[in-house]
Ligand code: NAP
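First, one chain by itself: the form predicted on its own, in structure tokens.
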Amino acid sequence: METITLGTSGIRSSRIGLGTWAIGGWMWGGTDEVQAISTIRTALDLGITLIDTAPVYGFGTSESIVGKALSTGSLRQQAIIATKAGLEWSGGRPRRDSRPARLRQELEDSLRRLGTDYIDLYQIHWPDPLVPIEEVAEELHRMHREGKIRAIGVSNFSPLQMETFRRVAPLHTVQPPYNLFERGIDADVLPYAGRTGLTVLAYGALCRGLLSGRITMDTRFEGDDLRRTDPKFADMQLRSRYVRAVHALDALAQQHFGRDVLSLAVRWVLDRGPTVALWGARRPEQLDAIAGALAWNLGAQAMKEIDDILEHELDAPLGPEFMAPPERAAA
């Protein structure tokens, strides 16, 4: 397993992290707790140390499962728990809320669900325009000084928002969406992280499974699966273009490296900078392919060929904006 230090925190993490949104069940068709616990423990066996979760993933379900999975023996000491704050929910619908009192309550609730007395990496899930960033940063700085969190991160923040945050508190990581098809951070967040020493935790590294190579034109999504509303999947004309791009990327991976498109997609994220690729899994066997993404590099020529494929197949690629939660109404 490749490793990286999370910013200036001194915390050494695996460069592949386990993403647990799907484990929480919400927007992924439910959850199987036994399978989920087995998945988390399998990830640790494979050398994955960072486990990324959030209260909103299943409205507490994901964090509770992570806590149960790490409750045996020394597993908690092996893991780097990364969780988040700044979203509340009502009636199954989240909205942004980063008021300091809310953040403090979320921290206590997360500690209880996770069965621990500290969080390794605490992240603001989405910026809340109704709360000054300086107030948010000061509250997390206070938690950091108290020893309740070991490192501070933000998610879905712009460089300007991060710069404001860093004037008040230390910042170690940023978590944006990033994959071969959703590359918006190439223009701003990624170079900012490189200049300022932040580590990038890339969520959606496989673009909701699209870059696994297993999504076809016949694949159907049931229940509350968010891909039913993701334009990349729901619009069949768009899906056909993305599926063609996946086939072309898979052919490149096979020809040049003897690997598949899934390995190529994760390797691409790892080769782009100071990054950790978050790998979502619900079952242990979904972690079998991890070794294929490690201990090799793409190189400049392959990067160019990848860019050529994407430019040819996707002249106007879509971003992940559909996933953004709503803001609170001003009082």
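We number the residues from 1 along the sequence you see. Only a predicted model underlies this, so the values are computations on that prediction, with no experimental measurement involved.
Note that the form predicted together with the ligand isn't included here; everything after this is about it.
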### Query
Okay, which stretch from 143 to 151, 129 to 137, 196 to 204, 238 to 246 lines the ligand in the predicted complex, with non-hydrogen atoms inside 4.5 Å?
196 to 204
### Query
Would the ligand be touched by all three of Lys84, Arg208 and Ser212 in the predicted complex, meaning a heavy atom each within 4.5 Å?
yes
### Contact of His125 with the ligand in the predicted complex (heavy atom, 4.5 Å)
yes
### Query
Going by a heavy atom distance of 4.5 Å, is Tyr57 a contact of the ligand in the predicted complex?
yes
### Asp52 within 4.5 Å of the ligand in the predicted complex, heavy atoms
yes
### Task
Please run the contact check for Ser263 against the ligand in the predicted complex: heavy atoms, 4.5 angstroms, yes or no?
no
### Summary
Only hit among Arg227, Arg96, Arg99, Arg259 for heavy atom within 4.5 Å of the ligand in the predicted complex is Arg227
### Task
Name the single residue among Arg283, Arg41, Lys68, Lys304 that comes within 4.5 Å of the ligand in the predicted complex, judging by heavy atoms.
Arg283
